[in-house]
Every structure is written in structure tokens, then in C-alpha cells.
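Below sits a lone chain in C-alpha cells, taken as the form predicted alone.
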Amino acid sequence: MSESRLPEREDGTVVFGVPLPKDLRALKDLAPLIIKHHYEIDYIHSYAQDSPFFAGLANNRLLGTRCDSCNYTYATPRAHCMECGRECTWVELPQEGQIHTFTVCHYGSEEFLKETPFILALIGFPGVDTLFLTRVVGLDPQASSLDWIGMRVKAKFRRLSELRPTDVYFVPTGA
């Protein structure tokens, strides 16, 4: 039987002198190993039943869904009603609403890292039964105030759509 062995790699992370104590009980005191590794991948993703929502964003329109049976309206679209289970239809939502609640995010994913701190809010619309989670731009996150609750805001859309939820954001109606 021949020896089985994987070939050695000539790329990737190469490390030298990684500490390992002779007494393994000391491992609890080992500082975390930190490496920088570039990672890139082309990922093919389908928005499937949510495709109309993103098509709406690309055309400066905010779309939700409504149950034709019980008239429940969703700001975040659903294919089927959570109240009665029937299929929902697409409807255009108002582009103006009010801040229902908010938080100031001091940390964020890579998408928002350069924008921290930023304001994330739930927006309520007249005639819509659920809230819409989005960013609010044009308010100072360092001076957040409960006075923002109930503030009227309006939708703004990125000029160049990326077909992402971040293609829409809200600003105070006076901005």
C-alpha cells in the first residue's frame, strides 16, 4: 500500500513560530491567533418571490404586499399572509412615513463600517400594518433624541441601484 499524502500548498497563509506551550494547561492563556486572509467569491443568488421588491427599488418605488382576503398590508413583503395564510398581491407603499422607533448603531457589517455610527429605524406608513426596517440619514447620531419618534420621513433611492435593501433609505421630510 502506497503512502497517501496531500500535496503541500504554495499559496495561502504561511506562518512561522506559532507559540504552543509545553504544558497544555497553559493554553487557556494563549493569546488569540489573528490572521489577515483575502477572501473573494462570485456568488449567484436569486431573489425569487422577492424580485418585485428589488425591481421596485431600482425604479424608485417602494413595494409591499397586501392580503386580498383580510386586507393586511406588509411593508416588508410576504408571499402569503401571516394572518390567514392566503396569497398576497403586490402594492405600492407610500414614500412618506414616521419613525416608530430607532437605534444608533456604533458597529456594523462591512457594508456599513465606514458609516458608523448610523441610525437604523422602523418606519410606519399610513394604511400599512407592519413596519419597514431601514436607515435614516440626515440626523446626527451623536445627538439622538426621543423627539425623533413620530418624526415624518421620506424615502430616497440610490441613483445607481445595486439591487440591495440599502438602495432605499429615509431622510426627514424637511431635508
Partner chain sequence: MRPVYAVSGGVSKFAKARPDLDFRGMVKEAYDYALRDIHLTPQHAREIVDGTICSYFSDHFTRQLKAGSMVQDYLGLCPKPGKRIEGGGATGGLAVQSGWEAVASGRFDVCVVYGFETMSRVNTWKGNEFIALASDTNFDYPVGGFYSGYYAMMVVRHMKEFGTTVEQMALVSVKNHRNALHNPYAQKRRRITIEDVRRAEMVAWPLTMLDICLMSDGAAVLILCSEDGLNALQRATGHTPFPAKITGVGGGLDAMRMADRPHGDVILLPHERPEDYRGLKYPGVHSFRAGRMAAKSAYQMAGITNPLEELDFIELHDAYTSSEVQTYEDMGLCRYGEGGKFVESGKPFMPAVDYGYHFPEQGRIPINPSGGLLACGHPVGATGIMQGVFALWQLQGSIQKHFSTDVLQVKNARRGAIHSHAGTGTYVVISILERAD
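Numbering follows the first chain given and starts at 1. We call the rigid core whatever largest set of C-alpha positions still superposes within 1.5 Å between the two forms. Not measured: the values here are computed from a predicted model.
Beyond what is shown, the protein has a form predicted together with its partner chain; the following relates to that form.
Consider the chain as shown here, without its partner, and state which of Ala26, Val137, Leu120, Cys70 has a heavy atom within 4.5 Å of its partner chain in the model of the complex.
Filtering the options by heavy-atom distance leaves Leu120.
Triplet Phe102, Glu110 and Ile149 all within 4.5 Å of its partner chain in the model of the complex via a heavy atom
Affirmative, all three are within 4.5 Å.
For His45, is any heavy atom within 4.5 Å of its partner chain in the model of the complex, or not?
Yes, His45 is a contact residue.
4.5 Å heavy atom contact, Arg164 and its partner chain in the model of the complex
Contact with its partner chain, yes.
Report yes if any heavy atom of Val91 sits within 4.5 Å of a heavy atom of its partner chain in the model of the complex; otherwise report no.
No.
My question is simply whether Ala55 lines the interface with its partner chain in the model of the complex - judged by any non-hydrogen atom within 4.5 Å.
The answer is no: Ala55 has no heavy atom within 4.5 Å of its partner chain.
When the rigid core is used for the superposition, does Leu30 move between the shown form and the other one (threshold: C-alpha shift of 2 Å or more)?
Shift at Leu30: 2 Å or more after core fit.
I want to check Pro52: does it shift between the shown form and the other one by 2 Å or more at the Cα, with the core superposed?
For Pro52, whose C-alpha is compared between the shown form and the other one after core superposition, the shift is less than 2 Å.
Core-aligned C-alpha movement of Leu113 between the shown form and the other one, 2 Å or more
Yes, shifts by 2 Å or more.
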